[in-house]
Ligand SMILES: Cc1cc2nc3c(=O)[nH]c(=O)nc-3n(C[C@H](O)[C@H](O)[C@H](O)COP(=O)(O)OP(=O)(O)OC[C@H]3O[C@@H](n4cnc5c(N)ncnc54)[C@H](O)[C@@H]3O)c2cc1C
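Before any questions on how it binds or moves, here is one chain, the form predicted alone, in structure tokens.
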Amino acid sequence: MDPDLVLILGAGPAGLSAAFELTRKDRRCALVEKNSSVGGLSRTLCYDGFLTDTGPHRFFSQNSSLYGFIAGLLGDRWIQVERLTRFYINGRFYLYPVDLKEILLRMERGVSFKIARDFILERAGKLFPGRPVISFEDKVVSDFGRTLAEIVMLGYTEKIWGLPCSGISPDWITQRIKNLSVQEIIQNAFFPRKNRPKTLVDRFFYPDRGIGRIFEEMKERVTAVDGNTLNLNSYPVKIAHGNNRISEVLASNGGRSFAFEPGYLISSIPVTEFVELLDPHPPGDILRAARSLRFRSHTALFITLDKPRASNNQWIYFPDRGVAFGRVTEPKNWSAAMAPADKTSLLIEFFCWHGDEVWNAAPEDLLERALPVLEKSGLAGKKEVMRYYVHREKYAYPVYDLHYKRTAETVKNYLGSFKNLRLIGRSGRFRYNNMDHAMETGMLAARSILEDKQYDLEEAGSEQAYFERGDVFLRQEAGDE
């Protein structure tokens, strides 16, 4: 065993952040990454001179230290963008987040009446003991009324998960849109503050050539240090253990196998895969629990267009159940460097299950499904499409069904018995977190090793005391001199 070596499975935001923090403290690490480049779900792809992220990845965090950290990495390549996002509903564009006044004024009169009626009834119902909130559907209907919930939230959510909203945990809305306050929606609609200062919700920071630039820069810093290694196109095939410790990890790059005997193992690979790789296998109840956890997959159609711009939105939601895809991103509206000056592009996202009909669909089939809506919305016509490409991600979203929490806790409690193992990131912790929270889990895992101290990685993103600037993060060189 090499007690000084920390092995990291996965070189996405979480894994690279762990490696970066370890390197900052002169701790040697090795990374094993299945893809040919770093960044995980936050990679930036290049197609014939056009750039796109694997999905819309704006950087937004409650942790101000992360902004300073990334600004130190990117310098003037870290630009500020004015945000504009919309829904496309029944042939019209509406502001996102929900602007209740706009919805009521622009929807058909009968629909507006139902929205107002249901909203008021739900508000009034909160004055009395109400029905229990068991599912996502219960929660959003209680907060916004049945009609508005159906129009804006329920259809889109069912596209993401491939499940009825009655079978989705309310943790989804609590975790993902917890800052969407009903009171604030009402205030902004009918009692707006004059000269309200712009916030990081109205603006966001973004690398000028795609979100993947953050992780490419981190990779350069990590691999520049002697003793650190990065193994691309590689994946673990066996994880041996004994006496409550990980003893050996056997990895392969297809044609060559290589082994590690690390002092510590940090894993951001899907926890469901991790359990299957353990040797000896876990008890039957742990295997059954892990096999019942599911990930939703993602198929993205990227099209290049022979026109300078399709819209002025960064991304657009399509909640109508009759629309096959869920979201469209125009990378050029994030940064002009993402496309040639006289051309633009669109990333069209289909949510699916691995191996299903959408996952297996040919690129031209996906284009044919998307074009009628793109044409009707004015985003793109068939004659404007130059080329098209497809990118697929098997493990995109951990599925929050009604039983996921208890099942995931069973698996993570078992894995928590390994003293030299740390689980990080969205897939490693089976927790739908944002990019900034994934980075925090990696940094905290590294700190737990460096300090021989346990941090609650499940609460990454809420404990700002963990992240005092200059403590976790690399100081800018100019500040150290």
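In this text, all values refer to a predicted model and were calculated from it rather than measured experimentally. Position 1 is the first residue in the sequence shown; the rest follow in order.
This protein has a second form, the form predicted in complex with the named molecule, left out of what is shown; the following refers to that one.
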property	result
The named molecule contact at residue 332 in the predicted complex, heavy atom, 4.5 Å	no
Contact flag, residue 35 vs the named molecule in the predicted complex, heavy atom cut 4.5 Å	yes
is_contact(residue 234, the named molecule) in the predicted complex, heavy atom dist at most 4.5 Å	yes
Non-hydrogen atom contact residue 426 with the named molecule in the predicted complex at 4.5 angstroms	yes
Heavy atom within 4.5 Å of the named molecule in the predicted complex - the one residue of 29, 444, 438, 66 that qualifies	438
Sole residue of 51, 41, 449, 70 within 4.5 Å of the named molecule in the predicted complex, by heavy atom	41
Options 95 to 103, 374 to 382, 111 to 119, 261 to 269; stretch whose heavy atom lies within 4.5 Å of the named molecule in the predicted complex	261 to 269
The named molecule in the predicted complex - contacting residues of 2 to 29, heavy atom within 4.5 Å	10, 11, 12, 13, 14, 15
